[in-house]
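Have a look below at one chain only, the form predicted on its own, in structure tokens format.
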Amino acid sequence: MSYKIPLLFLLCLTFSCSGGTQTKAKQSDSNSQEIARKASNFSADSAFIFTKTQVDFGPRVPGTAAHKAGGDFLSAELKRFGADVIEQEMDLKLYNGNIIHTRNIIGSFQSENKNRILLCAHWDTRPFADQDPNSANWRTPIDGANDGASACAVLLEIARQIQIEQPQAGIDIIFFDAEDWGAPAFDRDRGGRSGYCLGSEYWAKNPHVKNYTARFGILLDMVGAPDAVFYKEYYSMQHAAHIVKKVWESAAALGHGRFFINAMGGAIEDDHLQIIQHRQIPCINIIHYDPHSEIGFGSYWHTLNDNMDNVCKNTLQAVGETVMYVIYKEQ
């Protein structure tokens, strides 16, 4: 048995459906434009100043006056931008058995919101310039302008923007301490642990909120260099490929594809591994690492040349704007 549908009805149905599709497409375009507008408020000038302020304190090595001043600055800025701040103090054992006093600094926005996103970076600096071409500098602490300060600066600027316009999700910003006190190249015959990522390991096992969880996490590390490229880090793809996809697609949509390379990079031991292993939160690492270069992390990595000369506003803008796009897009 066949049934003939009147032509007029078919025409009406066609126009009705296409009109609805067009309306939805317009709404989607409008939403994307609004999210991009919010993300574009990220100020690279502001992030650059935040970077320089940290560097001006001197190397932020645990146990030094510069470390205390740098931590006080980060904590005060988070409070100034409206975050609920918790400082998690702890004594940690180094690779060589020595004990150092450290602190993780946590700033939470919309603390009551159960829908949360974690943004993090390490704020301490390397006590050894053990990759410096001059061996006389190997036991000298580094400024950590790119490796440490740049990522914290991007997160401070994001915090400043969150205060102005809140995303729908609650945001936790964590500055991890004691990330960069791993065994130096001249002292690796001791064996045992590498000594990296101590602050994040402590937090992941002892979170500031009991049973803390988040929908996902984004770790920033070395995000200020002029020649920075961000490949898809191996552990990030293994444990949080959907978040990598979300971030890299956002970067492409914003025109930052030359920084966020659509290809696999290396496997990096970093703070995100502690979050994945001990908190089971899918977490990715946005880190400058070029698998096609000899050094990978840049010629200034763990040398005395990791200073403000190797911090670029264009890179800060690309990373900050991309992360802001991601967090404002989340429902």
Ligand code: AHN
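One rule holds for the numbers: they count along the sequence shown, beginning at 1. Bear in mind that the values here come from a model prediction, so they are computed numbers and not experimental data.
Although it is not shown, the form predicted in complex with this ligand is what the next lines describe.
- Of the candidates F297, F42, F48, F57, F297 is the one whose heavy atoms come within 4.5 Å of this ligand in the model of the complex; the others do not.
- Checking E157, D172, E179, D143 for any heavy atom within 4.5 Å of this ligand in the model of the complex turns up a single hit: E179.
- Contact annotation: this ligand lies within 4.5 Å of heavy atoms from the stretch 301-309 in the model of the complex, the single such stretch among 258-266, 29-37, 48-56, 301-309.
- Proximity of Y196 to this ligand in the model of the complex: non-hydrogen atoms within 4.5 Å are present.
- For L74, no non-hydrogen atom is located within 4.5 Å of this ligand in the model of the complex, even though that partner is not displayed.
- With a 4.5 Å cutoff on heavy atoms, M222 counts as touching this ligand in the model of the complex.
- For the stretch 104-123, the set of residues having any non-hydrogen atom within 4.5 angstroms of this ligand in the model of the complex comprises only H122.
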